[in-house]
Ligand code: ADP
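The chain below stands alone and is given in structure tokens; this is the form predicted on its own.
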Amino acid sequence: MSELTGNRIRTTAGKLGLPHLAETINEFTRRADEAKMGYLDFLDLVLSEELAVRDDRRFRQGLRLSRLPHHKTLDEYDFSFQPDLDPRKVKDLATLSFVEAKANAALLGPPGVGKTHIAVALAVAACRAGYSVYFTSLDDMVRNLKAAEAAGRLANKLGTYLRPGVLVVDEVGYEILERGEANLVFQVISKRYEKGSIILTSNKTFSEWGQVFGDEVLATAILDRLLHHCDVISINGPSYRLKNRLKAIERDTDVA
């Protein structure tokens, strides 16, 4: 390939929004020569790698916008520490069929059992699959909506929680809500109903949500929409955080 042709391809690739091709055309032609590729195979190679680079760029951008607290995957979750949890149920969720159906997933259990880890792992998988994702604790969401309501910007702020394909709501039940706050949560749940997926974690059983939301009728209305299309997984094993803390204490004791 002549230098003139190479420069022309780089310029054209840049105008077409194909930066990877513009940067690596010499590498592509070297690989094509070594493999004695035909024209179609060469074109397939170039387009496949450009698409892979673009998908990876989109995935990384999606993660940055998601506000996920970390990017752990299911491969990092120790299912052996939770023998009562069936890994197949979690891996079924990881197929994202519930996201495609605009359904929900709820992870229930005491603190420290890995609910947030699984929720984040599902969100990361959804992001990789091309879905927009947003993570929030329930407390942060309520506080932001209250501030927006007081400033007359509630409709605009609701969009933050309505636009993503997947909304992760963490730590439902750690704070008791006032009725006005619960109504804000109801607005999010009802407006997302059958329009987008919610992944939530809670340390409370659904029978306790009346206390959490300060109103049995409102809690029932929230649950009615949330659970209509919802996979529920309960994790009732020991705490990972306590396990790691006990190991640290044992190490310190052995050193002493």
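Owing to the predicted nature of the structure, the values given are computational and were not obtained by experimental measurement. All residue numbers refer to positions in the sequence shown, first residue = 1.
The following text describes the form predicted in complex with the named molecule, which does not appear among the structures shown.
Q) in the predicted complex, does Glu175 have a heavy atom within 4.5 Å of the named molecule? A) Close contact is absent here: in the predicted complex, Glu175 is far from the named molecule, nothing within 4.5 Å, heavy atoms only.
Q | Residue contact check: Ala182 to the named molecule in the predicted complex, 4.5 Å heavy atom | A | Output for Ala182 is no: heavy atoms all beyond 4.5 Å of the named molecule.
Q: Check whether Val113 has any heavy atom within 4.5 Å of a heavy atom of the named molecule in the predicted complex, and answer yes or no.
A: Yes, contact at 4.5 Å.
Q. Taking 4.5 angstroms as the cut-off for heavy atoms, does Tyr77 touch the named molecule in the predicted complex?
A. Answer yes; at least one heavy atom of Tyr77 falls within 4.5 Å of the named molecule in the predicted complex.
Q.
Just to confirm, with a 4.5 Å cut-off on non-hydrogen atoms, which of Lys102, Arg128, Arg143, His117 contacts the named molecule in the predicted complex?
A. Partner contact (heavy atom, 4.5 Å) among the options: His117.
Q.
the named molecule is absent from this chain, but in the predicted complex, do Phe135, Phe186 and Arg192 each have a non-hydrogen atom within 4.5 Å of it?
A. No, none of Phe135, Phe186 and Arg192 comes within 4.5 Å of the named molecule in the predicted complex.
Q.
Given the stretches 104-112, 91-99, 135-143, 155-163, which is the single one in contact with the named molecule in the predicted complex, using a heavy atom cutoff of 4.5 Å?
A. Of the options given, it is 104-112.
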